[in-house]
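This document opens with one chain alone, in structure tokens, the form predicted on its own.
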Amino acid sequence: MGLNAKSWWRGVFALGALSLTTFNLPANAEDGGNLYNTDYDVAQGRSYFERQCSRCHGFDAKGNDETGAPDLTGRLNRASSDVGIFNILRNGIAGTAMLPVPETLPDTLVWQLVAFVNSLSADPANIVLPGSIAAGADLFTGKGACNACHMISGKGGRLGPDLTFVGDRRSPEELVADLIMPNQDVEPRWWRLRITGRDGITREGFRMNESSFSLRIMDEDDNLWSYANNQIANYERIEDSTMPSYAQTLTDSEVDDLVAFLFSLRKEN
């Protein structure tokens, strides 16, 4: 699959996935595979997801850090097969907010939901990218200076998400969008606050905590600053990304190389 870098991001956006309701007795599926895996079945699963599951996992299936709902668009941590996904849907996960689907829900529809969850991610082995992984690695620490803000395997900066396994949670098209249009979808974890205290000093940093009583930020030097409400003259929430766009600074082929490298960063099978 060729990306043709800066044009592919226009077609990128995910779907939604798996958060459910009520309690039922455990009911495990046999390992016979999913017979309900046509485009029609995926569409039926998507319809159910959008009504029920998106409330926790979001319509894009990216999950929610604040509620603990996981991202379902990459490698699933708790299931490695269709049967595993089916059993999680039927039985829920003890000790978490993941409850089972209603016991009245037909098995057919549960399998269709399994098909939809599977449609959210593609087998990396079947994806052929035009870029060079080696050249992308050089760009990451060289011209792109990505390691100034991002960490891989404990090495790099802390001003952006850890990219050690980014290939498990971002598709090549999404990685292109991240590089070209970084402000398009910034997670709340990476919002910043610009705070002016009553002492007249203004500081800016990542939003570590924001409540009715206080604010806490971490600046670019990893210093933590806490403010009680009565210490704040004014503050501003900044929802743009600190990451620059590479639309003008990298060529199409360099974007392809960087995407190839980033997509290669996945857990071993």
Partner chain sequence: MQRLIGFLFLAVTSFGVIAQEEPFQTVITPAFSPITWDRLVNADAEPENWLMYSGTLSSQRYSRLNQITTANVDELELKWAYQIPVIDRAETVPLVVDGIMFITEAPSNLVAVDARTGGIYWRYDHEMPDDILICCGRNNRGVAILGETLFMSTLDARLVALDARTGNVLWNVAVADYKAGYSKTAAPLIVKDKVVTGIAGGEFGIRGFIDAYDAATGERVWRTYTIPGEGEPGNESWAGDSWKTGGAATWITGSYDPDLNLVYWGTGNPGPDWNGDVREGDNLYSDSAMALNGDTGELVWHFQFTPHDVHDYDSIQVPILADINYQGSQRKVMMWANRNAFYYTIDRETGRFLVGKPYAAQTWAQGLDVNGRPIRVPGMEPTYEGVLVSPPIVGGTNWYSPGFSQDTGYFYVTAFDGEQEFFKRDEDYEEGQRYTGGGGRYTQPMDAFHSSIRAIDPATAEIVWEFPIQPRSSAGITTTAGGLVFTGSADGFFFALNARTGEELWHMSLGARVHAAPMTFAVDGKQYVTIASGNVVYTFGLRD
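Numbering follows the first chain given and starts at 1. Here the structure is a predicted model, which is why all the values come from computation and not from measurement. Basically, rigid core = biggest C-alpha set you can superpose within 1.5 Å across the two forms.
Below, we turn to the form predicted in complex with its partner chain, even though it does not appear here.
Student: Residue 204 near its partner chain in the predicted complex, any heavy atom under 4.5 Å?
Tutor: Flag for residue 204 set to no.
Student: Answer with yes or no whether residue 165 is in contact with its partner chain in the predicted complex, where contact means some heavy atom within 4.5 Å.
Tutor: Taking the distances in the predicted complex, the answer for residue 165 is no, it never comes within 4.5 Å of its partner chain.
Student: If we define contact as a non-hydrogen atom of the residue within 4.5 angstroms of the partner, is residue 66 a contact of its partner chain in the predicted complex?
Tutor: It does: once its partner chain is placed as it appears in the predicted complex, residue 66 has a heavy atom within 4.5 Å of it.
Student: Answer for residue 157 alone: is it within 4.5 Å of its partner chain in the predicted complex, judged on heavy atom distances?
Tutor: Residue-level check for residue 157: no, no contact with its partner chain.
Student: Between 37, 52, 44, 241, only one gets a heavy atom within 4.5 angstroms of its partner chain in the predicted complex; which residue is that?
Tutor: Selected option: 52.
Student: Have a look at 152, 129, 133, 99 for me and say which one sits with a heavy atom within 4.5 Å of its partner chain in the predicted complex.
Tutor: Filtering the options by heavy-atom distance leaves 99.
Student: Which one of these stretches, 139 to 147, 165 to 173, 82 to 90, 184 to 192, sits within 4.5 Å of its partner chain in the predicted complex when only heavy atoms are counted?
Tutor: Going through the listed ranges, the match is 184 to 192.
Student: Where, within 199 to 213, is there a heavy atom within 4.5 Å of its partner chain in the predicted complex? Residue list please.
Tutor: Contacts from 199 to 213: 207, 210, 211, 212, 213.
Student: Classify residue 98 as shifted (yes) or not shifted (no) between the shown form and the other one, where shifted means its C-alpha moves by 2 Å or more with the rigid core superposed.
Tutor: The answer is yes; the displacement is at least 2 Å.
Student: Once the core is superposed between the shown form and the other one, does residue 68 show a C-alpha displacement of at least 2 Å?
Tutor: Superposed on the core, residue 68 moves its C-alpha 2 Å or more between the shown form and the other one.
Student: Indicate whether residue 210 shows a C-alpha shift of 2 Å or more between the shown form and the other one, with the rigid core used for the fit.
Tutor: Yes, its C-alpha moves 2 Å or more.
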